[in-house]
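First, one chain by itself: the form predicted alone, in structure tokens.
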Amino acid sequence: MSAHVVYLEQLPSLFEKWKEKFKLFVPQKKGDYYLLQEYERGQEICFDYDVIYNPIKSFLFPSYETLLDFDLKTYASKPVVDAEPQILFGIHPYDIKAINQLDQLMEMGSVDVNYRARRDKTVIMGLEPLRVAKTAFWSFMDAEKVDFGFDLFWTKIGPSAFVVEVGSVLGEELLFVNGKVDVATAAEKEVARRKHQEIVKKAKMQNVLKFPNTDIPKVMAKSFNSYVWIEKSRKCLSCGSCNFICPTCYCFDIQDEVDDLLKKGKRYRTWDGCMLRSFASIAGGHNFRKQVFERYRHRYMRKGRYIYDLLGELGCVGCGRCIQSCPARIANPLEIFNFLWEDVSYEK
């Protein structure tokens, strides 16, 4: 893939050109958090953010979405597929990895038409991290680098310069929308490589996974009856924050709603989560994960084993959002993985 150099002063004109055909979302600081929000001329872009708090999945798989409209008089229905062209600028590698995983999950079996339509109209522009969030452990989840899933990937190599790696034909077209840009020299590409090495080295110095992540599924398989599930879940509020903030959680619930005249209605879906008591409720008032510890265990089994069995990769990218959002401070995958590994190793 080719690499080019773009200067900070060139960005405003690029952004304005992109906005003619796309909604453009960029990282911005809002209070104590960084959010991905729609760009407006003159806004400051946070190139040095640690983690975007709103999960990137919300731009591809909204928390509330109408799937179809129906008429109770004519018994006719019409699918609703709402997908606007959009650019997500400044996405860190671990979030791109999460998107790549969702792409697979949403196409297994019957393709999720709404997700696919929105994904096909989304341009992903990656950004090398300059800082590491206090709760992050993505460097131990093989999420510090991605080789695909982006159209352009930006690395800030100086106060006003970026090395931009092209990942798709569309990405190259968008990069050249105002004319050709300079090709990156060997020296500039070397600076970008070193920037990547520096941030990964920094990330590996905090929140350490004490064993190879390839052993996580084996550890989880031996830990189904561990006492940690009951011990930790005592404080769980079953709020589902860890599910909703997670970039790889994709469960949803579908409901039908009819107007007060009983003439028209709609079918919609909303995010759902395995930590919610209602998630495993079925007809007759039964619940096959009634106890909190069962739901708590299921979440970690999904992240550390079940998704791996399905795709050959872990369901956690180490972004640390769940750790930040949990009011009971018990939603730390790294802490659980390390504890279970030590527990299993001690049993040997």
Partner chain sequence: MSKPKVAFFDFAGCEGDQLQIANLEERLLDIASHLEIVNFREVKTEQADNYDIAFIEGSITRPEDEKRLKKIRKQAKMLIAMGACATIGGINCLKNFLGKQEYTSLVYGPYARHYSTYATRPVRAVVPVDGEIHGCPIDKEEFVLVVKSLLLGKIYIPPDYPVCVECKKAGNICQLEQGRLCLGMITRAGCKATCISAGSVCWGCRGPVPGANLDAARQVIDEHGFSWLEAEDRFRLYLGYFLRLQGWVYEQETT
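This is a predicted model, so every value here is computed, not measured. Positions refer to the first chain, counted from 1.
Another form exists, predicted in complex with its partner chain; not displayed. Remarks below refer to it.
Proximity to its partner chain in the predicted bound form, defined as a heavy atom within 4.5 Å, holds among Cys239, Ile157, Val123, Val181 only for Cys239.
Listed residues Ile199, Ala161, Leu102, Leu276 were compared with its partner chain in the predicted bound form; Leu276 is the one with a heavy atom within 4.5 Å. For the three residues Tyr33, Leu72 and Ser325, a heavy atom within 4.5 Å of its partner chain turns up in the predicted bound form in every case. Checking 169 to 177, 110 to 118, 200 to 208, 261 to 269 against its partner chain in the predicted bound form, the stretch whose residues place heavy atoms within 4.5 Å of it is 261 to 269. Its partner chain is not drawn, but in the predicted bound form it has no heavy atom within 4.5 Å of Ile96. Lys235 belongs to the set of residues with a heavy atom inside 4.5 Å of its partner chain in the predicted bound form. Using a 4.5 Å cutoff between non-hydrogen atoms, Tyr64 counts as a contact of its partner chain in the predicted bound form. Remark: Arg329 counts among the residues lining its partner chain in the predicted bound form, judged by a heavy atom distance of 4.5 Å or less.
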